[in-house]
Ligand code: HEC
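Just the one chain here, laid out as structure tokens, in the form predicted on its own.
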Amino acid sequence: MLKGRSVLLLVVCVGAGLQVAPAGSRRQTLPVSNEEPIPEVPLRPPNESSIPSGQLGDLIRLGRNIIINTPQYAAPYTGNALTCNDCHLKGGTVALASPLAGVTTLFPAYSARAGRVITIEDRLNECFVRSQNGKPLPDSSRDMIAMIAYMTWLSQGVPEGSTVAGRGLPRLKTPAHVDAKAGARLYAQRCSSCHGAAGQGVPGMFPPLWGPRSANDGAGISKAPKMAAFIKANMPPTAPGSLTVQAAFDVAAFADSHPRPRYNHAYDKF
């Protein structure tokens, strides 16, 4: 049985295999200046058959389950109907949908939002207190360790200090004029069949875009620029990339015009 700080481990890739190393062995891998580019490698998620057996494999599978169905597998720490998978598509394996492969190789890293160097645990908790509208996980909890194990398994073949092609979301230039009314019309035509006329989503299938079961107003994805970037690259699921930048911003502005939960500033350390 894994207990306490003794299980604060990081799975690291060694050749074709995997081993476990203490979290304290991790080192700063990002360039000193945020202006320096981060080297990229192709996004090549490993095959599920490469998950090892035993306790390590159990942790990786648990981490994947938490990412894909967060309210079920991390219920004590979630406060809405969203899953990590709603933004990190297909378990974090899709380019330009904030893939999770390669993320663990970039931490510790400086966070402009936090104004300090943060750990991967801090970054995951930032998502939980904002996008999940929940509360932070203890660094030594099995759920936290499992998510890091899964993300590090995804990062096989990504050297430290590097990242994968398609990391994050596309960078879009904000149009000169964003029209939420035009976004409302487009939402009714292209989005409401999945996310509902009132943005409530469908549990287990499509996330709510606003309202009490959505991300809180401290989440980056709740703001029009990031939401527009996600929409442009990934929506609608049947024809990703088919919307114009203007249309993506208009729809995002429409969604952003609705109420959502308030962020709890008690969690500003994240």
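Position 1 is the first residue in the sequence shown; the rest follow in order. These numbers come from a predicted model, not from an experiment.
This protein has a second form, the form predicted together with this ligand, left out of what is shown; the following refers to that one.
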Practice task
Verify the flagged residues C127, L169 and L243 against this ligand in the model of the complex: is each one within 4.5 Å by a non-hydrogen atom?
Solution key: yes
Exercise for the section: Answer for R142 alone: is it within 4.5 Å of this ligand in the model of the complex, judged on heavy atom distances? Expected result: no
Problem - R44 within 4.5 Å of this ligand in the model of the complex, heavy atoms - result: no
Handout entry: Contact label in the model of the complex: F107 to this ligand, heavy atom within 4.5 Å
Key = yes
Problem - Close approach of L59 to this ligand in the model of the complex, 4.5 Å, heavy atom - result: no
Completion exercise
Checking C84, V178, V158, A146 against this ligand in the model of the complex, the residue with a non-hydrogen atom inside 4.5 angstroms turns out to be C84
Exercise for the section: Scan 198 to 232 and write down, in order along the chain, each residue with a heavy atom lying within 4.5 Å of this ligand in the model of the complex. Expected result: M205, F206, P207, P208, L209, A215, I221, K226, M227, F230, I231
